[in-house]
Ligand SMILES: NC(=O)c1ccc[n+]([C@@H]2O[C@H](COP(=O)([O-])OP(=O)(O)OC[C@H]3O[C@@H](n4cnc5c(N)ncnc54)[C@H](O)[C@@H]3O)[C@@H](O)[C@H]2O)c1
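First, one chain by itself: the form predicted alone, in structure tokens.
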Amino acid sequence: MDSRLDRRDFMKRAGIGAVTAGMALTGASARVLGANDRVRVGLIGAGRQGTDDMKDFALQPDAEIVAVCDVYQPNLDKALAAAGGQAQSYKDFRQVLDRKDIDVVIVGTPDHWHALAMVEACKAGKDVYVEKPICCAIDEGKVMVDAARKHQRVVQVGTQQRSATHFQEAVTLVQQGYLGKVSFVRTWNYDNEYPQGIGTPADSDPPSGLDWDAWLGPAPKRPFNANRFGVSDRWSTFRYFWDYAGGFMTDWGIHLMDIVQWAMQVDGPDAIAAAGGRFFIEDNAETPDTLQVTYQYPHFVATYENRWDNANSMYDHGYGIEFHGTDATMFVDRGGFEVFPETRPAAPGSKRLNNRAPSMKMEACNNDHYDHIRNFLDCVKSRQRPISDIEIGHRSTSVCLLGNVAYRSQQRVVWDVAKQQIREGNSGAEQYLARHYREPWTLQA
């Protein structure tokens, strides 16, 4: 079979899928798994993140990697070796979805492919582990949630911090009022890549073994550029181009803001404002090198900050979350958390200072990524929703996408959390809520 993604064939399948979507659960892939059954797994997108996901699936006692798929042959070869050489390889993700013996697929593609691959997997009767951010536009996320619900699929998002014991304990402390009343939350990513950033390679022919048109998929047709493709020793640089992702705001911001919304028990902000730009980094990236986003929630304010030309950081950490409460402040990242008590007069006129909450410290003590996958596989068998269910992932992705909407439109965005839409008066921002797919690619639940 031709290894390229044939567009006419996709259109034909899409038309059939629209008619037979309701049959997905009784189709060949809707196998009911018992507690002791092995889960057969296929990987779609065999880059660095997807392969890392696959390795932790392979460590699970009841999971078996049976298929790997990528449009870049070197990635495919590496993933096959990591899978132990027993898996079948593919370059067309639909061939993986057509296999009746596959129960679960991992979507580890670049961000601009997440929505399409996940939705088609749900329609094919597969449960899905999809990497974050789940999509590049909020309207895509809505379709992803609809597809999971319509086809009754278990979908876990790769926000693995939710499976870390110390994050769970930190969230519990916030929710139980240990910090007092939290009015302000700060999140950040700081680094210094001045002045070169990711560099400025010229457009060129794609490397041998890469189907560039298939890699672009639903994204606009562009000449090949090494940074747009982004495969290198560093984390892939496609993240810094609007066609495929949303910069640090969506790549790392989702991990941070996911914990914020979980701890504060909210689904989204009421208003968003952003300031930033490309000021000093000299490369061909499109996303800002300096960004500050302010989120107004009903009872608190949260901020996300990102800069690429100065790494000086609070707590000597390049990223993190601070919860500021009336009784204490908490710092938390993947290494653990620490609580710093507030002091204030115990009573009017008193000179005695009163510590409002004892100090506390907890270090990370579990393998959150392994445990996150374990939670997913348990839910595949029980049919319960996982700890990072697709709707949770959609809300956490949305808050980050809204930061980019405010930045790109240069408008203060007023958001209706319940209806998931911009309120009146933000016409310039609405264009960034949707994404136009290159023909003939379509996204339908």
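Being a predicted model, the structure only gives us computed values, none of them experimental. Don't overthink the numbering: it's just position in the shown sequence, from 1.
Unshown form predicted together with the named molecule; subsequent notes refer to it.
*Asks:* Which residue, Tyr190, Phe300, Trp215, Tyr178, has a heavy atom that falls within 4.5 Å of the named molecule in the model of the complex?
*Replies:* Partner contact (heavy atom, 4.5 Å) among the options: Trp215.
*Asks:* Among the candidate residues Glu305, Asp251, Asp243, Asp333, which is the single one with a non-hydrogen atom no more than 4.5 Å from the named molecule in the model of the complex?
*Replies:* Exactly one residue meets the criterion: Asp251.
*Asks:* With a cut-off of 4.5 Å between heavy atoms, is Ala82 one of the residues that contacts the named molecule in the model of the complex?
*Replies:* Although the named molecule is absent here, Ala82 would stay clear of it in the model of the complex, with no heavy atoms inside 4.5 Å.
*Asks:* Asp327: heavy atom within 4.5 Å of the named molecule in the model of the complex?
*Replies:* It does not: once the named molecule is placed as it appears in the model of the complex, Asp327 has no heavy atom within 4.5 Å of it.
*Asks:* Can you work out whether Gly393 and the named molecule are in contact in the model of the complex, taking contact to mean some heavy atom pair no more than 4.5 Å apart?
*Replies:* The answer is no: Gly393 has no heavy atom within 4.5 Å of the named molecule.
*Asks:* So in the model of the complex, does any heavy atom of Gly45 sit within 4.5 Å of the named molecule?
*Replies:* Answer yes; at least one heavy atom of Gly45 falls within 4.5 Å of the named molecule in the model of the complex.
*Asks:* From the candidate stretches 382-390, 405-413, 31-39, 66-74, select the single one in contact with the named molecule in the model of the complex, where contact means a heavy atom within 4.5 Å.
*Replies:* Within 4.5 Å of the partner lies stretch 66-74.
*Asks:* Heavy atom within 4.5 Å of the named molecule in the model of the complex: which residues of 150-171 qualify?
*Replies:* Read in sequence order, the residues that approach the named molecule (within 4.5 Å, in the model of the complex) are Gly158, Gln160.
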